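Just the one chain here, the form predicted on its own, laid out as structure tokens.
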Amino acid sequence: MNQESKFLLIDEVFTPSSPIENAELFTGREQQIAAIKEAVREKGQHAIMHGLRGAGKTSLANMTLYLFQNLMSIKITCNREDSFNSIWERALRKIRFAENNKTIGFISSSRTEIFPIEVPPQNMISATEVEQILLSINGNMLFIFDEFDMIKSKKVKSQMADMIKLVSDNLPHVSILIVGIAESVDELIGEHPSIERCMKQIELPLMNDNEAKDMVLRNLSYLKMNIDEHVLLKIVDMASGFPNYLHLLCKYAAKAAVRENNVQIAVKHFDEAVIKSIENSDYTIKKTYAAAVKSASTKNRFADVLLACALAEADETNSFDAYDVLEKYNRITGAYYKKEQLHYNLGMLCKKERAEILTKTRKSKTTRYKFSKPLIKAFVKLKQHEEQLK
């Protein structure tokens, strides 16, 4: 295989800008997959999967399409303009049935025809209409509504909750999976006590280190490439559990190795990948970081404070304690920074003039902090490594 063909294959295997669609390249998330299977197989049970941006929800939603045999799975991606009617119209129009018809002739043969169901105009679609259509269909079905966080209308959320309740009560052969960015179920679909018993809540956390390692090694084996153990650990650490940063770093590290006709990814390839990953990171992430660390002073502490925040141990809500940040900061800089000084800098990083790169949260009486855009955590680590290369 020539170099150009190898580059094309790398682009197919490592896809930082789009979710995974190839089941062969998907790894990990066993606990969440088991929870989805359990919800779909239990009559009257549905599921809602939520997590941070970049955690890999759409990739897992795509894999759900392949989880079940003898079940028709339909996935819809929601948008800001969607109404209850438009969501379900698109979902119903994706339903397809296959029918075998015998042909006429001396030698009889069969031909499979695929045809859709008849769907009423969008303005005529209601929960009752959807129910009647689904009642007329034989066979188990799964509807996946991805990016449901794009729906801001309380009315649409309430209508979907009512639809879930109706399906749970009257359509045991139909399952619904809601997927979206949120820290809680209520944030995603609102508070609806009537559906609590029939909705399995599935949180998709960031990838743990073992899942991240398995993903990297599996995808590299697909390319017939391998990686230094030290470099693998650095990639996993830099990515901070975000699949897209794992893909971004691996993509450019693999290409750097192939460019030298190597099948082994080494430290120098990783260093090149860090630079390329920074260049190809999301524009809003780069803009937010630049605004946060800008300073006319040569003693700019904001970059170091942000790095300390990225290294601080986060809890289940991805927030961190100021004292942990202080310990990390003093270790990074070799200085002895006082807590009063740190609180000032953390407070400044929560302000608009610093792009509100951090937000405050409270746990009991303690003030904690978190990145306003979780992906910034990985970007901060990349920038620190870039500085070390200069």
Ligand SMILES: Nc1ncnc2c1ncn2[C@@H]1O[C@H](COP(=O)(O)OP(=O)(O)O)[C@@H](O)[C@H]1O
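Since the model is a prediction, treat every value here as computed from it, not as a measurement. Residue positions are given as counts along the sequence shown, with the first one as 1.
One more form of this protein, predicted in complex with the ligand, exists but is not displayed; see below.
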If contact means a heavy atom within 4.5 Å, which one of 65-73, 353-361, 38-46, 24-32 is the stretch that engages the ligand in the model of the complex?
24-32
Determine whether any heavy atom of Val325 comes within 4.5 Å of a heavy atom of the ligand in the model of the complex, and answer yes or no.
no
Can Ser18 be called a contact residue for the ligand in the model of the complex at 4.5 Å between heavy atoms?
yes
Does His343 make contact with the ligand in the model of the complex, using a 4.5 Å heavy atom cut-off?
no
At the 4.5 Å heavy atom threshold, is His247 in contact with the ligand in the model of the complex?
yes
Heavy atom within 4.5 Å of the ligand in the model of the complex - residue from Ile195, Leu223, Val293, Met207:
Met207
Have a look at Ile178, Ala257, Val167, Met215 for me and say which one sits with a heavy atom within 4.5 Å of the ligand in the model of the complex.
Met215
Heavy atom within 4.5 Å of the ligand in the model of the complex - qualifying residues of 38-60:
Leu52, Arg53, Gly54, Ala55, Gly56, Lys57, Thr58, Ser59
